[in-house]
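This document starts with one chain, in the form predicted on its own, laid out as structure tokens.
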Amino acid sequence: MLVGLQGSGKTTTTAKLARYFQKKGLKPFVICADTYRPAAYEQLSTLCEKIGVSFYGEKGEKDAVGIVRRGLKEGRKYDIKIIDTTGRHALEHELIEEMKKIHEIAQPEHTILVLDAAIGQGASEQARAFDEAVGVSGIIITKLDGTAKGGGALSAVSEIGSPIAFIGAGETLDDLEPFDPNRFISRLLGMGDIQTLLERAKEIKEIEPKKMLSGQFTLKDFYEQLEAMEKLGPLKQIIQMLPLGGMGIKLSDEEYEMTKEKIDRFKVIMKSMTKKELENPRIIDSSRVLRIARGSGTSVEEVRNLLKYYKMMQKAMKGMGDRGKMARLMKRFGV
């Protein structure tokens, strides 16, 4: 059973949790008991349909307790049932009473409090009120892909003694991770999360960290890596996983967008290259640069910028691969 404040991302988290268990081989069943927010039914049903998860809700019905009772009966054969309740303020008496009744009927094995990473100092008071009402057994921190780092959630953990179970750090339904203290503290301190990034990369066959770190990759490989990087998630989320704290890199939303546009332009340019040029960039002379620029609808300067960036990245990645520390890091993560 998921509880939390309105706007905490609880409905999306419900679908993410269903997706998490689905990937573990279980058959989840989602019940929409949010009868106060008009779009809740449509949002949750659409998300569940997208991932092929069974859903129960009664559009227009205001009796949340009745919906849960009938939903549990309908989903009794499923491995795990997830109830999305109405987002509420912990001091709203009427909604708290409804939540208590739902909890009494459902008797959930876990009651999860969903907290927005940006909640700040209010986390302790809210967590205590929800815990007193229904007994919180775990916490999910959402929206960690934004500027907030979730420090307030630590106050909630301290207040009620319930552990953080998962963190949500992205917009897709696969962006829900089991909580890991080391990774969380690393993000909190601005040190990135290279471990999660490498684990994601290992799931995508196109990305070959060894080849990248050796510096022996071609423009063709570079293009494939850019394609594969898109599968890792939004650019902003990927960059936030890198240990940028010591590098002094701070990008605004506008700069993130500009970076994405530049990457898209690079891909267009590489599509105008021949197979030989992609496999052996050293043969690209001035006449070839001019032809590539015309063929891609870009400028000679942009083509030269791509080649410059490629060589710079090749050199930097090779340097990282030569360092004993990075080699040990790769070995540790099984790369």
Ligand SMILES: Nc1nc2c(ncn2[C@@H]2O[C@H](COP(=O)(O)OP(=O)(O)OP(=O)(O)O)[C@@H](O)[C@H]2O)c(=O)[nH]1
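Numbering starts at 1 and follows the sequence shown. Predicted, not measured: the structure shown is a model, and the values here were computed from it.
What follows is about the form predicted in complex with the ligand, which we do not show.
Novice: Looking at R294, K59, R70, R37 here, can you tell me which has any non-hydrogen atom within 4.5 angstroms of the ligand in the predicted bound form?
Specialist: None of the others qualify; the residue that does is R37.
Novice: If contact means any heavy atom within 4.5 Å, which of 99 to 107, 261 to 269, 168 to 176, 155 to 163 contacts the ligand in the predicted bound form?
Specialist: It is the stretch 168 to 176.
Novice: Would you classify G87 as touching the ligand in the predicted bound form, given a 4.5 Å non-hydrogen atom cut-off?
Specialist: Yes - in the predicted bound form, heavy atoms of G87 and the ligand come within 4.5 Å of each other.
Novice: Consider K16 of the chain shown here, and say whether it contacts the ligand in the predicted bound form, taking contact as heavy atoms within 4.5 Å.
Specialist: Result yes; K16 sits at the interface with the ligand in the predicted bound form.
Novice: Classify K143 as contacting or not contacting the ligand in the predicted bound form by the rule of any non-hydrogen atom within 4.5 angstroms, answering yes or no.
Specialist: K143 belongs to the contact set for the ligand.
Novice: How about Q43: is it within 4.5 Å of the ligand in the predicted bound form, going by heavy atoms?
Specialist: Flag for Q43 set to yes.
Novice: Along 1 to 18, which positions have a non-hydrogen atom within 4.5 Å of the ligand in the predicted bound form?
Specialist: Heavy-atom contacts within 4.5 Å come from L5, Q6, G7, S8, G9, K10, T11, T12, K16.
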